[in-house]
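A single chain, nothing else alongside it, follows as C-alpha cells in the form predicted alone.
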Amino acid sequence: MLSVTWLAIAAPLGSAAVLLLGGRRLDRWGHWLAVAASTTSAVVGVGVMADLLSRSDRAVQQHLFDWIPGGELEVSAGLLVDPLSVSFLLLVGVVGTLIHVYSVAYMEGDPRRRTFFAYLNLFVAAMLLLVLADSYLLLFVGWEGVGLASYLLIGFWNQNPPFASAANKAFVVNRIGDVGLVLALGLMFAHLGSVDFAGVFASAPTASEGVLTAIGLMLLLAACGKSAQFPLQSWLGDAMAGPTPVSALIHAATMVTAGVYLIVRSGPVYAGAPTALLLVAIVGAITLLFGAVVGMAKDDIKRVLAASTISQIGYMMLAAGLGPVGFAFAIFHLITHGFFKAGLFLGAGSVMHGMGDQVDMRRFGGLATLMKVTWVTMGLGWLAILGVPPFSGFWSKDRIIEVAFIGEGMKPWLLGGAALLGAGLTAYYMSRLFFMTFHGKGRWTEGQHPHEASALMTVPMIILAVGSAALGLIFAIGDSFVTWLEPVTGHVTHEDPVLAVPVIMTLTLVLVALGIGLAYRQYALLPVPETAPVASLAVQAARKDLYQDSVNSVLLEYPGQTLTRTLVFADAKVVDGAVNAVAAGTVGLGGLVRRLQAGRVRSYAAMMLVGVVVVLGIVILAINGKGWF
C-alpha cells in the first residue's frame, strides 16, 4: 500500500474538483462521491499503517516529481511516510469520513450541499498534503490549502454578514501566523541550504543556536496562528459561524492540529533551540488556562467547545514544548482529542438539530430522556475530555500533566501547576455544558420539539464515542503509542517528576471531582436562569473572551490603520506631490518658453538685434581690458 499513498490526497482532491466543476447534475448524488473519496483516504491510511508495521524501516520517502529545479534551490515533490504522518493520515481519514457521513443528513436541506462537500473534500486533501509532505515548502502548500478551505467553510453561509466577517477574521489572523512560516522557510534556505526535511534536519546540528532559535520562533508564530494559540487565538470562537460539521472537522482532525504537527515534526530544529522550545511550552500553558477561563463563562454550546479546543491544544503545545519527553504525549492527546472532540461537536449539532438550531444552553435542559443516543455519546466524550479513568483523556492528558512536572527549578512547578489547574477548570466548564444541556428542568422556548437525529447522524457519533471510551487504553498498554512514534521522536529515557506520579494522579482526580461536583450542584440540582444573571467584572471579561478582540484592536488594528493612513497621506502628498510639482514646473517653463515663439518676424528680428548688440558689447569690453575675462 505504500506505493499508493498519494491516492489518499488525490481522491478527495479529485472529488472536490469534480463537485465544483460538475454542475447541478451532481446535486442528487455528489455528496456520496465526497464520502467515497474520504473513505478512500481512510482505507489507504489503514493499509499504509499495516504495511509500515511490517517493515523494519519505518520512514519511507517517496519521490513524486521534480518540482522546483532552480539553481541552488532544488525542491522535489514527495511524501514522507513515517509513524507521525501515518497517525495523522488515519485520524484525518477516519474522523473526516465519519464527519462526511454525518454531514449528508445535517446538510440535507441546504441548496448548496454539493458545494459544501466539495469544500470538505478540499479540506481533507489539503490537510493530508500538509502532514504527508517531505519538505517544508510542500507542507506550506497544504498549510495554505487548509487556510483556504477553512475560510470557505466558516463563511459557507456568507449571506449572513456576521458569518462572512468570521471567515474574514479567521483568514486574516491566519495570515499573520503564515508570515512566520514564510520567514522560517527563508531562514532555512539562507542558513541551512535546504527546505527539505532531510536537508534541514541534517544541517541543524551544525547551525548556530541563534539561527535555530530564530527559525523555532517563526515556526511557533505559524503554529499559534493555525492552532489558535495565544496570542492568535481570537478567530476560533467566531469560526463557529460555519455549519457544525465544519467545526468538528476543524477542531478534531484538521486546521488546529496542524500547528502541533509542525512543532513535533520540527523536533531536530528545536533540539538546538532550547529558548524557543521553552517558549512553546509557555505559550501552551498560557493558552490552556486562557481557553478554560473563557469556556466557563459561555452559554453558546459551540463556543464552549471552541474554548475547550483552545485549551486542549494548549495541553498539546505544552507537551511539545517539553521536547522529546513530551512529543509522543502531545500526539497521543491529539489523537484521542480528535475522537472525543469530534463526537462532542457532532453531539452539539444533534442537539441543535433537535432544538431548531438553538445554541443557547440556557434554553436546553432535560434532554437526556428525549435524545438518549446523543446523551450517551456526548456523555462518553465528556468523561473522556475530563480525564476520568478509564476513558481516553485519562491516558493522554494525564501523561502530559505528569511530564509537565519533570525538570529543575521553578519550571516544573509553573508548567505542571498550570496543567493541573487546567484539568480542574476543564471538569467544571465541560460538566456545566453537559448538565445544562441534558439535566435539570427543560427550559425550551415555544415551538421547540426536541427529538433524536437520524441514523446517518447518530451512527458516526456512536463510533466516535467508542473511540473516546477505548482508544486511550488501547494506545496506553505497554506505552505502545510512544513506541510507535520512536522512529520520529526518538527513544526517551524515563525521568521522574518532582512529585510522585500517584500524587499527581490523585491531585488531578480530586480537582476533576471538585469541578464535576460544583457544576452538578449549580446546573443540575439548582434552577438555571433562562437569562444570564448580572455578572462580576471577571465573568464579564471571560464572556468577552478576556477582551482579546479589544487587545488585538489596540495592538494591531489601530496601529495598522494609522500606519496605512500615514502611508497613504505620504504617498498622496509627498510622493505624488513631488511628481505633480515637477510636472507643474515643466508645464510652467514650457509656457514661458512658448511666449518666445510668437510667430512674429519683427519680434524675431528685434531679438536677433539685441543679441548682436550684447555680443558686440562683450567683445569690445574684452578688447579694452575692462576685466570681464
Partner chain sequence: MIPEDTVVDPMYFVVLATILFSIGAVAVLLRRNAIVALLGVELMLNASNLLFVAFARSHRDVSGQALAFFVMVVAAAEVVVGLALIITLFRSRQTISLDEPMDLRG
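Predicted, not measured: the structure shown is a model, and the values here were computed from it. Residue numbers count along the first chain shown, from 1. Here the rigid core means the biggest group of C-alpha atoms that line up within 1.5 Å when the two forms are laid on top of each other.
Heads up, the form predicted in complex with the partner chain isn't pictured, but that's what we're talking about next.
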Looking in the model of the complex, is the partner chain within 4.5 angstroms of a heavy atom from every one of R521, L526 and P529?
-> no
The partner chain in the model of the complex has a heavy atom of only one listed residue within 4.5 Å, and of R55, R565, R602, K573 that residue is R602
With a 4.5 Å heavy atom cut-off, would you call A606 a contact of the partner chain in the model of the complex?
-> yes
Distance check, R594 to the partner chain in the model of the complex, heavy atom within 4.5 Å = yes
Superposing on the rigid core, is the CA of G23 displaced by 2 Å or more between this form and the one not shown?
-> no
Using the core for the fit, does the CA position of W32 change by 2 Å or more between this form and the one not shown?
-> no
Please check if W67 moves between this form and the one not shown, taking a CA shift of 2 Å or more relative to the superposed core as movement.
-> no
